[in-house]
Ligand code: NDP
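The chain below stands alone and is given in structure tokens; this is the form predicted on its own.
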Amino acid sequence: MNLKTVVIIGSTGSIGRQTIEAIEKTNANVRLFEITGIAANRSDLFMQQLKQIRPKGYSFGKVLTDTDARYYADPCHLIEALQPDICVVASSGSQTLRFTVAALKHSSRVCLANKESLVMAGSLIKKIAREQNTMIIPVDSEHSSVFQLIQGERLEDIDKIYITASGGALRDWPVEKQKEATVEDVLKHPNWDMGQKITVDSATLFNKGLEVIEAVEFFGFDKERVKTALSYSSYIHALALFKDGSIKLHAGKPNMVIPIAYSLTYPERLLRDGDVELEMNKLNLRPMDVSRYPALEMAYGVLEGYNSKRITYNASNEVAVQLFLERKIAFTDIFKIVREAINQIDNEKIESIDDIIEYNEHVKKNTKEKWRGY
């Protein structure tokens, strides 16, 4: 395998940091990857990463003087200038859609950890990838697992796929008590160490709703064939149920370094983890109680409409989670805000990347204005 250049968008976030770790571990024996660019919005960690990695270019909220790397105000310009072999899109939020498009146009492989890009613009993202002959490899543990499960299989032989969820910090709370949950309660994820937004989404299961939509968009399954189940240990990430009655499952430690490394080295498995063992007591599943998680019901609902509904699902949830983290609303109000936003918009097909971004900002602005004084 020849040396590959890598740009990491969102280098200071959880996925970005673990991408750097995955590259360091994979490079331990033979240097296979060179990080030539990093980008982040704001973080005290960024300067440390610049000194550690010494990339050719960077994008940040301001110019930093203590580095020889070239500054780019926009991550899209960083990607275009460096033309990396691989671009890891590890930033979160709907604004990342622009970065994903730039990565598809200027890289040969995009390791996509951002759910929102496919939720908002799945058909357009896949169209650009086909036109540019760019490979998209999913990084999310669930979608990485599905991607691996279907290798060498005919999709028509698969009856259903299941993606799993831990249930988040409130999974054992009575539903009627969830309104009292504090920010601290919700951020105590039982298995994963993630950023605040995705940790809240794990408790509401909006992350799983987004992943259902993403799975439909990415793999081309009908929504009736995409199911969810609870894996309290987070060891089983996905299952494929075949029409002949056989079942394949993909399991592993709740450690994002593993799927990140696979996305970088696919079709090879070059990461070496010295702590490989089978923990049988963690290979258990539970049925999903959809009544506890309105986010899942809404996700399947927006799949029936055009992407205006999917954009609204994602955008209004971003606003609602931020309001919760600012302690302005109760945990259960997140569901209320998203449901009302979906119900109040027209079912429209938004057909360009620029229009999608504009529509997304419109939804966020309207949602913020409506709930500002709540």
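Counting begins at 1, following the sequence as shown. These numbers come from a predicted model, not from an experiment.
Heads up, the form predicted together with the named molecule isn't pictured, but that's what we're talking about next.
Between 298-306, 285-293, 126-134, 86-94, the stretch whose residues reach within 4.5 angstroms of the named molecule in the model of the complex through a non-hydrogen atom is 86-94.
Among heavy atoms of Ala22, none comes within 4.5 Å of the named molecule in the model of the complex. In the model of the complex, at least one heavy atom of Ile198 sits within 4.5 Å of the named molecule.
Among residues of the shown chain, Val319 is not one whose heavy atoms approach the named molecule to within 4.5 Å in the model of the complex.
Within this chain, Ile158 is remote from the site of the named molecule in the model of the complex, having no heavy atom within 4.5 Å. Heavy atoms of every residue among Ile15, Phe99 and Asp140 are located within 4.5 Å of the named molecule in the model of the complex. Listed residues Phe33, Phe335, Phe60, Phe324 were compared with the named molecule in the model of the complex; Phe60 is the one with a heavy atom within 4.5 Å. Residue Met194 is the only one of Met194, Ala181, Ile258, Leu241 with a heavy atom lying within 4.5 Å of the named molecule in the model of the complex. Scanning 22-58 for heavy atoms within 4.5 Å of the named molecule in the model of the complex gives Ala39, Ala40, Asn41, Arg42, Ser43 in sequence order.
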